[in-house]
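Coming up is one lone chain in structure tokens, specifically the form predicted alone.
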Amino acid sequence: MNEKDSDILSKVENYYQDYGLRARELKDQGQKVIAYLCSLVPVEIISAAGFLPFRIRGDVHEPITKGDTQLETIACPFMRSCFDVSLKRRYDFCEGLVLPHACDSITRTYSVWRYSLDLPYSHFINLPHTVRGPSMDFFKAELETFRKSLGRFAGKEISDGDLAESIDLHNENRNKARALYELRKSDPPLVSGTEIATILTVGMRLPVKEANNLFDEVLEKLKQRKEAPFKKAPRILIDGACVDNIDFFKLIEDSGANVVADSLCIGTRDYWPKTEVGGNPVDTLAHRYLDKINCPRTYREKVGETYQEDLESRFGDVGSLIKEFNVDGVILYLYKYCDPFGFEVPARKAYLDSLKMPVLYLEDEYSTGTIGRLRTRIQAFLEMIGS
């Protein structure tokens, strides 16, 4: 094993802890950075324009202070934390901001973000809430508008060829992320949920070519493990929205479980759907971001005649993950005031009940100050599964 291989996981940990480290280095070298929030922003267009797409991350260790002077406290705590650390100039290396029409907490605060950060470039991408017919046509037009707007800021036209190359690179990135998940199928898994969450979080803040190389090095290192460094334990899937800090994964695994799968925004919801290649690249991007990313903010027409058939069409991707990764129990983890996911809790629980899958529902603040009190409930859930 050479020195490069032995140091790669330490490099990932360093990038995770000093979140903007690499972006600052690249900024000093002349690279322009565009910040974005949410999986519904088409990063392929940002990369095709020659910018580094940098996904904004909150901080569960940092109290929300400045953010709460400009946003109501009934807004999503995750979004408020992202806004708070941005106001505190943690991401002052960014020259632009892109927000999508995702949830109300993001959509209704775009003007506050734009005014408060006063960046040279900002853009709002308006996504419809349905996926068929006129909605898809509308979204394609929105992506064309974004493409032209970002091109003007970049001082270049973003060609179809640029987009096609970027799509290939980001698809390659998603393939490598999926290969990381394959290492979790053994019992016990070769890689922990905490490690995967760290790697994927870091990958969303690097230039896509650099992220691909990093994933290759990590895969090579992890495949060298002769045996799993973990014990057999209940196999858990985490279902929820955006969990961009590893503390919750670590809490579950320290409580005596192995997190082997997820349905999260920084996880399978974002990394698994790929963009089709060939044809008009804007059309294929529109289909990926509006139709393939299974987010509750997007309404899909009812499939089938019965309630169970409708549940299967909405949450069947979670059921597939449960089978593929031999899951023993699901932890449904949401932040307070997350309306899109919150409204779906009864239906999600009904679907998991239909699979006879044990489920623990947790609602929490976006803070390490509250996350610790969940330990007792998680431990009781794991004991129930193991009994």
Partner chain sequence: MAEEQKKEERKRRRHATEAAGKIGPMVKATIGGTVKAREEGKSIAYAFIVCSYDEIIRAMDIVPVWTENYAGICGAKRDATRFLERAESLNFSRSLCTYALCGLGFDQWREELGEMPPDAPWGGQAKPDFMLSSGQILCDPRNKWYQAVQQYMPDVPIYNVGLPWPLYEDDIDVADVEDYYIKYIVEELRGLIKFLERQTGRKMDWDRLSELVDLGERTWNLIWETYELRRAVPTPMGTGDAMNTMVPMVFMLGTQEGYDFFLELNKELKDKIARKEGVVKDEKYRLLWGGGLPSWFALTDFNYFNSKGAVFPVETTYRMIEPIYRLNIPDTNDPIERLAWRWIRYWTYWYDKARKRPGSEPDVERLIQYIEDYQIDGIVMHEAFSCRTWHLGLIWQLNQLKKIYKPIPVLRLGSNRQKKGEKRELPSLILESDIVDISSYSEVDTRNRIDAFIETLEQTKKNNR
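Residue numbers count along the first chain shown, from 1. Computed from a predicted structure; not experimentally measured.
Omitted from view is the form predicted together with its partner chain, to which the following refers.
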- Name the residue from Arg174, Arg288, Arg297, Lys221 that puts a heavy atom within 4.5 Å of its partner chain in the predicted bound form. Arg297
- Message: Can you pick out, from Thr284, Ser255, Ser122, Asn212, the residue that has a heavy atom within 4.5 Å of its partner chain in the predicted bound form?
- Response: Ser122
- Glu72, Thr109 and Thr130 each touching its partner chain in the predicted bound form (heavy atom, 4.5 Å): yes
- Item | Partner proximity in the predicted bound form: Thr145 to its partner chain, non-hydrogen atom cutoff 4.5 Å | yes
- Message: Residue-level question: is Val60 within 4.5 Å of its partner chain in the predicted bound form, judged on heavy atoms?
- Response: no
- Message: in the predicted bound form, is there a heavy atom of its partner chain that lies within 4.5 Å of any heavy atom of Cys103, even though the partner is absent here?
- Response: yes
- Item | its partner chain contact in the predicted bound form: Val277, any heavy atom under 4.5 Å | no
- Message: Within 4.5 angstroms, counting heavy atoms, which one of the listed stretches 46 to 54, 319 to 327, 24 to 32, 345 to 353 is next to its partner chain in the predicted bound form?
- Response: 345 to 353
